[in-house]
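Quick setup: one chain, the form predicted alone, written in structure tokens, and binding and motion questions come after.
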């Protein structure tokens, strides 16, 4: 099995190197930044975009512009949301979820129980990276209650079905373009919205945390491949969910696969030895807020280069997961078993 950890394309690396060698980089108005922002607008459909130097910079800029309180999922979100809200002294409510997923009727009932109407609901496109949130339906509930929906679309930029990272289904979209995200530049991030006042309220922060032209050049180049990268990653996860005997949210779109485990630490250790990427890992141990608060093992397919998401490698990943986590024998699940493709 030959697995490759995700990295920027050769085209992106060359473009960023060229930008770094440009003696005018960083002076005055940067066309590289404007170009990247225009390409993000094309994907999200929003008319306002700001590049920043990281996904967390996008979060802190947005949270700073809002008074709170905020609603966050009780699991399957991004821990940075909790930490930044605490840093900014914003009150947070944690909505109970169905293993990370917030269903619209659940949100409506939860809002009735709150003592104060929140200013914003923060979600990630995929709960725990493994299950698509019903963004459109949540957006409708938020609009009915004058709540801003903020979608962290780091894992869904370029959604070919336009259900995620879509400005029609979110007031604000934030994303990281660090590694190993769908737009994989190594650093950077963005804010996309039609709410100009949000950007105006954090003008100083946005100026302080802005991305550099080298990062912007990388985003402009790498974002062109985002729909392909996302489709291939989701397809690989769909195949694994179909073929591994027991996974969480097996019928949902996602970019990783989470399998229940009786001993997550031991199973994760074994899988890291079997599925090795020259010292790097695609295995995460649960319970953990960023994935699921269940005893489980995550296979982070999102971390892999799409070139290695072939039948042979997926078959071997399936075999290792089932022989390790479910204690099956190699005879029952032979190497490279036939997948339902």
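Numbering follows the first chain given and starts at 1. Keep in mind that what you see is a predicted model, and the values were worked out from it rather than measured.
The protein also exists as the form predicted together with a small molecule; that form is not presented, and the subsequent description refers to it.
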Review point. Among 233, 257 and 303, does every residue place a heavy atom within 4.5 Å of the small molecule in the predicted complex?
Key: no
Check your understanding: Is residue 176 close to the small molecule in the predicted complex, meaning a heavy atom pair under 4.5 Å apart or at it?
Key -> yes
**Study point:** 4.5 Å heavy atom contact, residue 181 to the small molecule in the predicted complex
**Key:** yes
Check your understanding: Does the small molecule get within 4.5 angstroms of any non-hydrogen atom of residue 66 in the predicted complex?
Key -> no
Practice item. Tell me, yes or no, whether residue 154 is in contact with the small molecule in the predicted complex, where a contact means a heavy atom of each within 4.5 Å. Key: yes
**Study point:** Partner-facing stretch of 122-130, 262-270, 202-210, 165-173, counted where any non-hydrogen atom is within 4.5 angstroms of the small molecule in the predicted complex
**Key:** 122-130
Point to revise | Among the candidates 292, 33, 59, 314, the residue which, in the predicted complex, approaches the small molecule to within 4.5 Å (heavy atoms) | key: 59
